[in-house]
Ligand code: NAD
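Below, in structure tokens: the form predicted alone, a single chain.
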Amino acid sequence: MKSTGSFDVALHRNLIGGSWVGSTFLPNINPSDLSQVVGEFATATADDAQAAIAAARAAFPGWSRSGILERSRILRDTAQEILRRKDEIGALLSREEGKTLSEGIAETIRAAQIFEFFSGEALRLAGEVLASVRPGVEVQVTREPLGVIGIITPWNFPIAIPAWKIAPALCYGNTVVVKPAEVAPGCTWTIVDILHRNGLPPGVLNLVMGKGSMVGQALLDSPDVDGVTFTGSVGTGRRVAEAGARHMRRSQIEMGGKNPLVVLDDADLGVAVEVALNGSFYSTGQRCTASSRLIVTDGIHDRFVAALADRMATLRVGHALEPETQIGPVVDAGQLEQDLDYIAIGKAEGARLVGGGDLIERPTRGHFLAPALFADCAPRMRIMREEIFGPVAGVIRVRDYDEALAVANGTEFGLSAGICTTSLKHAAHFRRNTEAGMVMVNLPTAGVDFHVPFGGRKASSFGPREQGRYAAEFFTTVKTSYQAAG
């Protein structure tokens, strides 16, 4: 423990080859209260990353051939411990990332559900026995673990995203080196600690915290990493893909979004407003699935903008742990500056700021920003083309459904898309013709289940889908075996 002011702060080390190591630490600051240090977290070097990769490589033969009951038991026990500690871990999540306490607890429960799901999948590893075209020959198709997996996770879902990468990797018999975001490493450290104490053999799961330019790059540069699964920015995602091609290894990449929510004239206004409010601003808009482009047809446009602005005015922005808070702080100073820059860009481009967009003072010093809504936006504007990753949304007025669909698809991204309508015809057409990996009808664009595939199209995603049974497409490799019968 390290003393910081009037309270003690725990030191959190990296886990390499089954040992907790590290001597240099950086503070993890609470965005709701900048005077509070959540914890001190070790910073790994490139050499530490190489040691972690070597440990994972050494552990792979044993773990890849381990019994399915052992894997299932460890994942199930981890799920149960996360669930037992949901209030504690949820509060940690809220303190380090800034989500409201209810969101932090809900995300923690989701992480437990993910581990529980894959504890079952470990017992359902299946293959196929097929007839050969040649008499007297048997054919078996089986799945085997890919190898050493490098995992690089973002800060915006600091427990759910590490869970949905780590759990399937271990389930299918891979070994892991995980690097969480510098801004919010605490939840990943907690998952690793739980798995370590629940009996993972040394080297199967390794944690290296620190700078992406050093630790993450070491994972990308290593020829001993068989696959990299990454969630983060488009720029970094492209570097992950380039490194994957250079090493001829598998890559799974989830990047940005500029997700549309279409609101048609026949939509239920109350439903549309709540869907937009949730999708655009909850979790402080820091979701890759957030609906930052609100595409609204003429007949309902003015009523929708007025009603959404009124509803936004009732939102309580504040300390993440206060029960009345509905929108927590922006995660850190750098992200806050980016949000404010884009708000200024929107004004300069001619968009009309309907409400919000100003800094808010609270009893504690934190990164508090009132959610911002722009109207009179055009598809060509930067605030309508570039991912802001904050509580900022803009409304684009369109004539009809056909124009709305064209505008919705007119982006380099294709992660999530939504429509609010009471028309079965338009809902069905939109589901089939929107260029997105996930489609929501009368639901927020942000919010997905843990047991079904997650991913997008175009510049939003690259490689196999995440989550559910589709995770096997990335974390396993297929082997076809032939044998003479008899």
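None of the values given here were measured: they were computed from a predicted structure. Throughout, we count residues from 1 along the sequence that is shown.
The same protein has a further form, the form predicted together with nicotinamide-adenine-dinucleotide, not shown here; the description that follows concerns it.
Note that among 208-216, 339-347, 129-137, 301-309, the stretch whose heavy atoms approach nicotinamide-adenine-dinucleotide to within 4.5 Å in the model of the complex is 208-216. By the 4.5 Å heavy atom rule, the three marked residues R239, G256 and F389 all count as contacting nicotinamide-adenine-dinucleotide in the model of the complex. Although the partner is absent here, G232 sits close enough that one of its heavy atoms falls within 4.5 Å of nicotinamide-adenine-dinucleotide in the model of the complex.
In the model of the complex, nicotinamide-adenine-dinucleotide sits within 4.5 Å of a heavy atom of W155. The closest non-hydrogen atom of A181 lies within 4.5 Å of nicotinamide-adenine-dinucleotide in the model of the complex. Residue contact with nicotinamide-adenine-dinucleotide in the model of the complex: L415 places a heavy atom within 4.5 Å of it.
Just one of L92, L195, C288, I166 comes within 4.5 Å of nicotinamide-adenine-dinucleotide in the model of the complex, counting any heavy atom, and that one is C288. Proximity to nicotinamide-adenine-dinucleotide in the model of the complex, defined as a heavy atom within 4.5 Å, holds among V317, L146, L220, I105 only for L220.
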